[in-house]
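Given as structure tokens, the chain that follows is alone and in the form predicted on its own.
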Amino acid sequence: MILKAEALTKDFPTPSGPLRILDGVSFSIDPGESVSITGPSGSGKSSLLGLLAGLDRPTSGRVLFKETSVSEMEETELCAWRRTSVGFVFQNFELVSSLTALENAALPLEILGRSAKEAAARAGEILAALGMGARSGHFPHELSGGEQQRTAIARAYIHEPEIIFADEPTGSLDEETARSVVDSLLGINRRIKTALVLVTHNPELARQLDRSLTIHGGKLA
């Protein structure tokens, strides 16, 4: 087990009282396993991903990374954990506009203290593996949506994290580009053997992962 959700509950305050978004969700993920989280809009799947990644804290229950409770980490511990063990892929790419694709991809290694030369060399390798070699010197506004997402994937995997959290990684892409990006994402995930937790509305994408979890009305269906 690399990640475990234990009876996760999340309430949000409203004028009429607490609104329960997640209700007693429990499951575990093994090292290297890829798991999709699906469900209708408003079902709580993005809220669940936020709890798993330590971006939010549960009302009750906890998230374990190996034997450590993510839900009880101090903010400094969370930051250190995310830097070393976690990668993120977002729907809207979240690239730094003033940096080239190569510089965006290299950023996590530089934050970890690697030399700029080493980080750039590794970024070049991983971008080339994702079909981005010829575009690595371009800025985000010069790249297509698919190219931006491949850059974001390179950035997420460059430090070979133990787990990746992906939130609707193909949500802003057309169907053909989405398929290509999925191939890139799953291909690099198999090579690096990172656990992957992916929120998606796309049933075709969900079927390509090892296992699919469905959230409905805040509960695990």
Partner chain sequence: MPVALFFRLYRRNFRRLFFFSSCLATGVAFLFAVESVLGAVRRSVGERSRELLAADLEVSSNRPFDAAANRVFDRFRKRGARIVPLTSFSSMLRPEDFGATPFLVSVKAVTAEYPLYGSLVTDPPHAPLGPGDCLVEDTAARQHGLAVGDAVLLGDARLRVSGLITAEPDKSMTRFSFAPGLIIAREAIDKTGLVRFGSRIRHRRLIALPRSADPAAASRAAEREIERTLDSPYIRVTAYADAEPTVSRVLKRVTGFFVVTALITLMLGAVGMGSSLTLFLNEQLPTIGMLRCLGVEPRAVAGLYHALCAAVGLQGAALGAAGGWLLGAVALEALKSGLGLTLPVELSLSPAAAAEALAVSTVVAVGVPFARVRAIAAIAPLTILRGKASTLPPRRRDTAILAILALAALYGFALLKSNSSELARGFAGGLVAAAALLAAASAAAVRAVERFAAKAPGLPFALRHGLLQLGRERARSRIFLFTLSAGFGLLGALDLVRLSLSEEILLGKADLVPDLFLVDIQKPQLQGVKELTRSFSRVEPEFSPLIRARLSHINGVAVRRRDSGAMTLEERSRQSFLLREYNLTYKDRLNGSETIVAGSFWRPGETASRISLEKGFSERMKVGLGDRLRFDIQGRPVEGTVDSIRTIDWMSMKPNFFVVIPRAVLEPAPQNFIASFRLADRGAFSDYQRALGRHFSNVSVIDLSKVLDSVQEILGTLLSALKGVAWFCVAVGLLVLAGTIALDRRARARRTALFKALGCPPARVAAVDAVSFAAIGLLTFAIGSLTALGLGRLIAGMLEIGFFVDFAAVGRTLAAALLFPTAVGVLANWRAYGAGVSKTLKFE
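Numbering follows the first chain given and starts at 1. What you are looking at is a predicted structure, and each value in this text was computed from that prediction instead of being measured.
Below, we turn to the form predicted together with its partner chain, even though it does not appear here.
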request  = Run the contact test on 88, 98 and 107 with a 4.5 Å heavy atom cut-off to its partner chain in the predicted complex and return yes or no.
outcome  = yes
remark   = Per contact check vs its partner chain in the predicted complex (non-hydrogen atom within 4.5 angstroms), the hit among 22 to 30, 43 to 51, 65 to 73, 180 to 188 is 43 to 51
request  = State yes or no: in the predicted complex, is some non-hydrogen atom of residue 192 no more than 4.5 angstroms from a non-hydrogen atom of its partner chain?
outcome  = no
inquiry  = Does any part of residue 167 reach within 4.5 Å of its partner chain in the predicted complex? Heavy atoms only, please.
reply    = yes
request  = Answer for residue 116 alone: is it within 4.5 Å of its partner chain in the predicted complex, judged on heavy atom distances?
outcome  = yes
task = Classify residue 125 as contacting or not contacting its partner chain in the predicted complex by the rule of any non-hydrogen atom within 4.5 angstroms, answering yes or no.
result = no
query = Can you name the residues of 1 to 26 that have a non-hydrogen atom within 4.5 angstroms of its partner chain in the predicted complex?
reply = none
